[in-house]
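Below you'll find only one chain, the form predicted alone, shown as structure tokens.
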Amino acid sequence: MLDHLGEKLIARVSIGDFVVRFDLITIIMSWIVIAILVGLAFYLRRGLRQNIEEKPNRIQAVLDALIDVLQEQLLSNFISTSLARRMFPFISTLFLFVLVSNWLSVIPYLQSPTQNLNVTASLALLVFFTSHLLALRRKGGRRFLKGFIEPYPFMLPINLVSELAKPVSHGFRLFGNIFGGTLLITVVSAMIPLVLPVGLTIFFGLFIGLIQAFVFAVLAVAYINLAVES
């Protein structure tokens, strides 16, 4: 089992002298996650087709509970209520994508896309650019650039390094935890009988996967809030 540990199925596409490499397994797993989320969205949407005066059905109750939890746990840290409402779809989608990606490894023969650094780094960069684009639109170019030399101009290099470190730590934190759990389960599965690996898979896949998705989303909220409201 350990002989092929770390091997990847890589597809190469050549465009002249430029070669693009794709991790096929990660791409397929990511599309599976997207399909699950889209399918869930259509299923929940079907439950909303009823008269507003009627008693809420089970799907509506579940959806209301989910939205309440996401708003209370993820968006309560926003200083601005308007910004929280505006960012709710983005933060919720980010959380659900990471959550389902982490949970995917519980299903036999499937892998978590988040155990690939390219995926977690891309999500972290998405949060990074979103936060700075929102800050640029709200503050204007002058105030936005001025923030990098506060409180003193000689702080510019430190402020730049601090900003660039955010997506690095954001992406590596999620990748390290998910990949570390996967590696541990793989090693234990090769050395110990079935029961312990199954327990570890459930623990790391469900519980740690939920915690890491929540932490990733909360950090995204913190970075956006800090960039826009500071």
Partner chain sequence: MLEEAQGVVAQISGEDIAAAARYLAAGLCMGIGAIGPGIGQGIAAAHALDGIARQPEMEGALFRTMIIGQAVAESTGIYSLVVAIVLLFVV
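Numbering follows the first chain given and starts at 1. This is a predicted model, so every value here is computed, not measured.
This protein has a second form, the form predicted in complex with its partner chain, left out of what is shown; the following refers to that one.
Okay, which stretch from 57-65, 28-36, 179-187, 198-206 lines its partner chain in the model of the complex, with non-hydrogen atoms inside 4.5 Å?
Looking at the other structure, the answer is 179-187.
Although its partner chain is absent from this view, report whether Phe22 comes within 4.5 Å of it in the model of the complex, heavy atoms only.
No, Phe22 sits far enough from its partner chain in the model of the complex that none of its heavy atoms falls within 4.5 Å.
Please run the contact check for Arg45 against its partner chain in the model of the complex: heavy atoms, 4.5 angstroms, yes or no?
Result no; Arg45 lies far from its partner chain in the model of the complex.
Distance check, Ser169 to its partner chain in the model of the complex, heavy atom within 4.5 Å:
Ser169 belongs to the contact set for its partner chain.
For Asn77, is any heavy atom within 4.5 Å of its partner chain in the model of the complex, or not?
Close contact exists here: in the model of the complex, Asn77 approaches its partner chain to within 4.5 Å, heavy atoms only.
Check all three, Phe90, Leu94 and Thr130, heavy atom within 4.5 Å of its partner chain in the model of the complex
Contact check failed for every one of Phe90, Leu94 and Thr130.
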